[in-house]
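To begin, one chain is listed below as structure tokens, in the form predicted alone.
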Amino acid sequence: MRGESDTCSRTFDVLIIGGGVVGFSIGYGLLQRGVSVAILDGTDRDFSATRGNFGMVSVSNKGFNNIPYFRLSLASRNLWPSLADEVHDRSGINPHFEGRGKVYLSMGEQELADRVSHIQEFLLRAGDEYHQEILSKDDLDHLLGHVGLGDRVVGGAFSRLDGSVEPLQFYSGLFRAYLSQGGHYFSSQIVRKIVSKNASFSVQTPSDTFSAPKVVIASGLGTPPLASQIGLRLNVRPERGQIMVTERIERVFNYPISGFLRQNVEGTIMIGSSSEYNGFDDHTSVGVLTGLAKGAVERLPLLRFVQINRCWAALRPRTDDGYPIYQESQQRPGAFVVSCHSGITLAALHARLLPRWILDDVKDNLLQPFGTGRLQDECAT
């Protein structure tokens, strides 16, 4: 991806620190308001959640213990079709958004019973907005396209709330759409210092200085030290996820399976992803990958004969309670922090709702529960 030339102006209406899905979703939305936007990105050596994405627009498994998070995710999913169409039109790259739903497979009677209890309780908490129905093994096999489910599968569930997108196509399309709308992008710009003065911010990197009246920090695992410079204290820990991708085969199943299996448009099958806390180690491990492969074959025995072509791991940012953070600094008004684990799911909401908050100081009710106040107070710089 290209960066700007040395002759480009370094003064903008909004600076976004972080060039992942979150940063570009916000940047794309801001451009629709007619302001000038620059995204400052790091290097390919940085830890990046974007390159480890499974591509799910997940709703039905979000917010069981936090219904506002469920509603936040649902609102974004409902905005996704229009965002996908815009990205396609403005970039020429189809992100292949599908909002048909997701299947859950239960391995054994106890797991199925737990699934039934989970759905019943979720319905009580969320009301009619929630949807997930229990299906028999035969009905699930029919829904998936007669794939031949494994012996341990006893049944499961289906939710029409969920969707999926091709993550690399979406990111590439979003990047191109952002540029086509006049957005600026600067690569290899590792931010060292943020200074506020006279209602403006000066953002300094080893090679450049950028300025704007608004700054948005959306740099994933790099967020905490930058947030501390604008008077905000928060923790973001690395969660490692490992993914496997198979060779291309003919279409096998019609719906993503519980965030564990999904077939891409070109025919490859993604298997994953794991959830591990091992510090900043982003290497794959044989034990985890073996477990993923075994779980895939237990669910769909036909995968036993499919070749694995690629495996990788990536680190995703997790806040203390696992929920997003949308916070403007009280000490440095005009400086914002956005941190979330579900950059794909929330991309449409970020593009549609965050510009009004950043530019007009109007924070939507959907965002209100997700400030830093639920975790800890702001601290002095």
Partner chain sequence: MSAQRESIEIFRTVPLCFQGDMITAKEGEPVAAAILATHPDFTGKSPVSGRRRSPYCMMGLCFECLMEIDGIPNQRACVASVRMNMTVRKQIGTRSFSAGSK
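Positions refer to the first chain, counted from 1. Fair warning: this is a prediction, and the values are worked out from it, not measured in the lab.
There is also a form predicted in complex with its partner chain; it is not shown, and the following applies to it.
Chemist: Only one of 168, 116, 302, 190 gets a heavy atom within 4.5 Å of its partner chain in the predicted complex. Which one?
Modeler: For this set of options, the contacting one is 302.
Chemist: Which residue among 306, 179, 112, 289 has a heavy atom within 4.5 angstroms of its partner chain in the predicted complex?
Modeler: Result of the distance check: 306.
Chemist: Picking from 210-218, 306-314, 271-279, 82-90, which part of the chain touches its partner chain in the predicted complex when contact means heavy atoms within 4.5 Å?
Modeler: Of the options given, it is 306-314.
Chemist: Within 4.5 Å, heavy atoms only: does residue 195 come near its partner chain in the predicted complex?
Modeler: It does not: once its partner chain is placed as it appears in the predicted complex, residue 195 has no heavy atom within 4.5 Å of it.
Chemist: Wondering, does residue 160 line up within 4.5 Å of its partner chain in the predicted complex on heavy atoms?
Modeler: Contact check for residue 160: no, nothing within 4.5 Å of its partner chain in the predicted complex.
Chemist: Taking 4.5 angstroms as the cut-off for heavy atoms, does residue 128 touch its partner chain in the predicted complex?
Modeler: Answer no; every heavy atom of residue 128 is more than 4.5 Å from its partner chain in the predicted complex.
Chemist: Report yes if any heavy atom of residue 247 sits within 4.5 Å of a heavy atom of its partner chain in the predicted complex; otherwise report no.
Modeler: The answer is yes: residue 247 has a heavy atom within 4.5 Å of its partner chain.
Chemist: Pick out the residues of 264-286 whose heavy atoms come within 4.5 Å of its partner chain in the predicted complex.
Modeler: Result: 266 alone.
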